[in-house]
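The chain below stands alone and is given in structure tokens; this is the form predicted alone.
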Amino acid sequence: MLAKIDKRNLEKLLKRADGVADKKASMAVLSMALLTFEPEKNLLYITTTDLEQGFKGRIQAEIEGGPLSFCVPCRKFYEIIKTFDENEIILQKDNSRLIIRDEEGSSKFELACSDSEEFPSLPEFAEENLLDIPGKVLAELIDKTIFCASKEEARFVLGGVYFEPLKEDGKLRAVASDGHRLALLDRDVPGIEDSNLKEGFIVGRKGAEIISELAEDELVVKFGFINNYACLFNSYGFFFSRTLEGTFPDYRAVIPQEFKNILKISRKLFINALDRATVLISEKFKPVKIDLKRDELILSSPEGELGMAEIKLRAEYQGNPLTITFNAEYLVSALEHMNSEEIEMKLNDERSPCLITGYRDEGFLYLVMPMVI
């Protein structure tokens, strides 16, 4: 078997496949990529899985010889392909070796192969059961919420992004929370009211990040939930991720409906002030006290071994004088995911959650709990 393949397309496909392969697998086959050559279609399929996630992509190839399948170490194959400067790469199977070379033969690698029979079979999914959604919309739903997902194993059900179809509104909602903060984004998705999406589902962090990468550059992808798997089909393959078991908490119950105090401030100015106020804080958590008075905001760090900081800003504030403390990183991470020049912070008291929105961030809200020191 001999195949000629475009180097850039092969590298792109291997990057996606390598993101799914299990690098620390107790089973060696899970770190492998299954290569399947189909000469009748002039296609090479590359498949990887860690048993929780799976990816199968395809690429055009000029193939000589009959159909053939075998496994190679995914990461090493990817690293080899990246070393080539040529536009075209030749793959040649020779007994238990895959020969990887350029057309002139000036660069050549021999990579050990293994039998394809040990590679796990992947579940099959029907595309017609999935929802058509613009790729950038799906990527945005993930990117603007996943930063709030919990990294603690004890909070397993919070370790990803919760997708909820809002059929009556024609929207898809994404929510993520670690128990201290929450990000929510709604986006219009035409046709969702007639789709097979009937309930919410939670996609783990790794799966959600891969879905975002696979969707971002696509005009339209197919996305949905089938038999405990989140599934995505794009222009060159499909990906699935086992959803997290358990019920996502009732996030609506923690979002206050009324607020007594409202602060309006420049987003970039506020980010800059928060960064400056935490320069002398060396701890993991960066508490910043905010004193709110009419038309004034004072940020201050706690007194420490290195000293303290105090930053005064002009701001539009309506409400009673209030002193409240936040983890500065929780505020900055949300503000950096927003687009509005001016943001609005709604508060009640020093122990109640704060709601942050912006006029150029339609459908987005961020909720953060204050720190009690």
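Nothing here was measured: the structure is a model prediction, and the numbers come from that model. Start at 1 with the first residue shown and count on from there.
Below, we refer to the form predicted in complex with a further copy of the same chain, which is not included among the displayed structures.
Of the candidate stretches 190-198, 279-287, 126-134, 203-211, only 279-287 has residues whose heavy atoms lie within 4.5 Å of a further copy of the same chain in the model of the complex. P73 is the sole member of P165, P73, G159, G237 with a non-hydrogen atom lying within 4.5 angstroms of a further copy of the same chain in the model of the complex. Interface residue among V29, L68, I311, L43 relative to a further copy of the same chain in the model of the complex, by the heavy atom within 4.5 Å criterion: I311. For I226, no non-hydrogen atom is located within 4.5 Å of a further copy of the same chain in the model of the complex, even though that partner is not displayed.
a further copy of the same chain is not drawn, but in the model of the complex it has a heavy atom within 4.5 Å of E305. Taking the partner from the other structure, a further copy of the same chain in the model of the complex has no heavy atom within 4.5 Å of any heavy atom of Y251. Within this chain, I80 lines the site of a further copy of the same chain in the model of the complex, having a heavy atom no more than 4.5 Å away. Taking a 4.5 Å heavy atom cutoff to a further copy of the same chain in the model of the complex, none of the residues in 339-371 make contact.
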